[in-house]
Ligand code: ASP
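Okay, so here's just one chain, in structure tokens, the form predicted alone.
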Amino acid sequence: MPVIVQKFGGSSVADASRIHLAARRAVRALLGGNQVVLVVSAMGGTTDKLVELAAQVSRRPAKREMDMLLATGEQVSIALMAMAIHEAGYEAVSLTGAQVGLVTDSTHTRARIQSIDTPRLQRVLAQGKIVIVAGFQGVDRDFNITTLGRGGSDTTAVALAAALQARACEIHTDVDGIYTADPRLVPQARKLDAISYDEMLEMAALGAGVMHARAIELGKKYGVPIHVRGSSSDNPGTMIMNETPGMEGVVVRGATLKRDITRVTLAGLPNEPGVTAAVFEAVAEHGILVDDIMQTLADGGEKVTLGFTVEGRETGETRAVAELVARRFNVDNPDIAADLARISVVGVGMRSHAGVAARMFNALAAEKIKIENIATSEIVISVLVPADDGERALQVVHQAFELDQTK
């Protein structure tokens, strides 16, 4: 019997009526001849409330204890979901990440999945029961509770689908698919019928909030068909799939905005082997994730100016690390530029079409939007702009590439 994994995010289980709606979808899949695994997030707003509570108790709560605290949100959801399915007259079992054997490394608040022990899941599914799994969480080898980072329930769902060789993984959200841009910011944004793993991975990493980037990585690695669809309708959503030849006919698939970006610049570093490595070793030791990296020569090649970007929430810790590095190499304190936003365009068609960058830069220039930095890859062009210009820049770029038009 085929397995289907369904994931419901926080807004889709925010109250009793929505929990019952999700339960009915799971039962419908069961009656369609499938074994069903339901992955749920904490009820909408719960995680934010727990974070705020922790901040009231401690100025800098330990990451291990944050995992212990935040994992409770999903435990509430799975129990309520099981009750809703029982109320509908069907059998269900709720399981935490630890109970399904989802083992991670020990990087608290940002753990990565190492393995999933499926025999218990398979036994319960064989009994005809719906299995409800707490998303976002697991356990390390020492049985410490860990979490996968915000949005980690997507990763839980795709990982379970891969481990169980599921027929599909359905991601149910409060929007009915993947759009060319965030429709809350760009009303003209258009829903996509399909998008490649590579394009979706880039869009997720660059600010599209519909899917967790690591979930897309797993989907691509294990060939899991991912169907993103609305939780309150039966309309077809967006399929995330392997790239097809026709996809390159669309130059730009979508545009994204990522707010709250900080750029760190270290000037006057010696241009010697090992210096750049030392800087990023220090950053990595503190678990800080780096986005763009920029390096330019100075003083006739004797010195370098090294810059990189991080998420705004890591500004304080990054500043402290950068100041230590500056003292180590006897250079001026780092320049910290906060309040930036990243605008990106993504499309596999960029590989075979010229002029994408010029079109983007001309559109921004026409609106007098200042570009602070540029980064490119094979299928992405990103620029940093002042945070106050972020939404307007997104709208300008979306219009420049006519993303509201069906290609």
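For every residue, the number given is its place in the sequence shown, counted from 1. Just so we're clear, the structure is a prediction, and the values are computed from it rather than from any experiment.
Just so it is clear, the following notes concern the form predicted together with this ligand, a form of the same protein that is not shown.
**Request:** Answer with one of Val346, Ala42, Ile343, Val37: the residue that has a non-hydrogen atom within 4.5 Å of this ligand in the predicted bound form.
**Result:** By the 4.5 Å heavy-atom cutoff, the listed residue in contact is Ala42.
**Prompt:** Which pick from His227, Arg259, Arg167, Arg150 sits with a heavy atom within 4.5 Å of this ligand in the predicted bound form?
**Reply:** When this ligand is considered in the predicted bound form, the option within 4.5 Å is Arg150.
**Prompt:** Does this ligand get within 4.5 angstroms of any non-hydrogen atom of Glu74 in the predicted bound form?
**Reply:** Yes, Glu74 is a contact residue.
**Message:** Just checking whether Thr47 would be counted as a contact of this ligand in the predicted bound form - the rule being heavy atoms within 4.5 angstroms.
**Reply:** The answer is yes: Thr47 has a heavy atom within 4.5 Å of this ligand.
**Prompt:** Of these, 152-160, 84-92, 219-227, 303-311, which stretch puts a heavy atom within 4.5 angstroms of this ligand in the predicted bound form?
**Reply:** Only one stretch passes the 4.5 Å heavy-atom test: 152-160.
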